[in-house]
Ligand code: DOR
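Presented below, as structure tokens, is a lone chain in the form predicted alone.
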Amino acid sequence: MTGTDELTRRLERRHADLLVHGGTVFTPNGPERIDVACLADRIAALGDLRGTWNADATLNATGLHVLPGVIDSQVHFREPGLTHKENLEAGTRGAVLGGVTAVFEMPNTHPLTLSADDLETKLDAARNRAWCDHAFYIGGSAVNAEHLHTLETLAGCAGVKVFMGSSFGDLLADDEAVLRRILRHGWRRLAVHAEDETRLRARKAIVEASGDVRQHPIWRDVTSALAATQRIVRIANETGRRLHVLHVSTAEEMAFLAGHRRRVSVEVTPHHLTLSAPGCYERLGSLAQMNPPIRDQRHQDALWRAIREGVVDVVGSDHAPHTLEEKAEPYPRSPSGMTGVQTLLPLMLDHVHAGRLSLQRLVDLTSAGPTRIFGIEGKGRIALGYDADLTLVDLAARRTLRNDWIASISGWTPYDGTTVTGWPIHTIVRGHVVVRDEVLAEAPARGQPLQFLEVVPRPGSRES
């Protein structure tokens, strides 16, 4: 870290650690042909800087678009306890290779992330191993509900995540009294996986009898998702809690959530935007198996409409790898989940190329949006004083996604063989080039815990 006196001298001499020049930079004003000077992890200057600033290192961005660092606010890196299919080093390595500069990691590890000690274990594991910045969710549960208002304020905590379905043990929170306790104890936006566990259990016999993965969206049907989403939004309205509904997958949910925008934010995933049933199951089998499931074209069209209409706040990958051996288990014993952090940006850039959304809208969904709704400090925009997190992309580059490119321990992608247009070329985390010319830098991993804006209790709450 540069000392205060040395930093002042370098600023006075206009001497940066890194100068990014020649690119089209997405600032809050829109795209501009300017340079970016990075000093002591932050953006020190913007403008026509060549000839007026010197730098220890330079990066030629000619022909590239310089975006605010991409933030993936839903990944499962499986550490501790499930490192045979993913870990923090490999997961974050895949993130930066895919242009992602920060991640929120989920609590369904072994052990579950339910306490301050569990959180500290993850932060310790990420130290000097994570290639990008990171924060970890605490699971909302019956066993820690009354402590969540304290746990959510711990350094490195992304907030509280609730599983209304598709989880196990203490992390499953499908009882209304438990949900109410969880929502009453805290103030930060609460992330939720909304599927109705009772309905899922009652309907599982459908797929146990057939063993047909094509019936995955029939078992986990629209009603299972909509009923849970309506239920948690009702409780949130009653308790005054802000919500973030993860991986929304149905047209009916989107229509409902459009009427609750003041308190509820919405995430969609690249796989729900890119793959559709029944073709994805016929082609990929259980490699396309996710919770909530990939559905038919009607639902995908509704997700894209919701993006255009501003209902969607964030695109997150829901990176949740399993080994190919695990995925090859007969359905429905095969686990739900796929890799995604490394392919999030290439897939979304391909959608930009196809005209489904603008590059400016993509920046909002992957940088400004997560920063805004979660209150991340110093991220999400290219502006003076902000962290120098930059994702440099070539909008014209054509690449074919391959399993051997995937850094995940699991080593596969459902998009193997898919050609996309638009590709991350360089990734910069707090002014350090961690990927240059699509190749991981030799420098050590430099990821740090994310910081969040001060949490203010809502008036009249029990903890205020």
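Computed from a predicted model, the values in this text were never measured in an experiment. Don't overthink the numbering: it's just position in the shown sequence, from 1.
In what follows, reference is made to the form predicted together with this ligand, a form of this protein that is not presented.
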item	value
Contact stretch among 314-322, 376-384, 299-307, 200-208 - heavy atom within 4.5 Å of this ligand in the predicted bound form	314-322
Output flag, 163, 167 and 291 jointly within 4.5 Å of this ligand in the predicted bound form, heavy atom basis	yes
Listed residue (270, 217, 346, 337) with a non-hydrogen atom within 4.5 angstroms of this ligand in the predicted bound form	337
Contact residue in the predicted bound form, chosen from 76, 295, 241, 122 - any heavy atom within 4.5 Å of this ligand	76
Distance check, residue 286 to this ligand in the predicted bound form, heavy atom within 4.5 Å	no
In the predicted bound form, residue 193 touching this ligand (heavy atom, 4.5 Å)	yes
Partner proximity in the predicted bound form: residue 144 to this ligand, non-hydrogen atom cutoff 4.5 Å	no
Close approach of residue 342 to this ligand in the predicted bound form, 4.5 Å, heavy atom	no
Interface residues of 387-401 toward this ligand, as seen in the predicted bound form [heavy atoms, 4.5 Å]	none
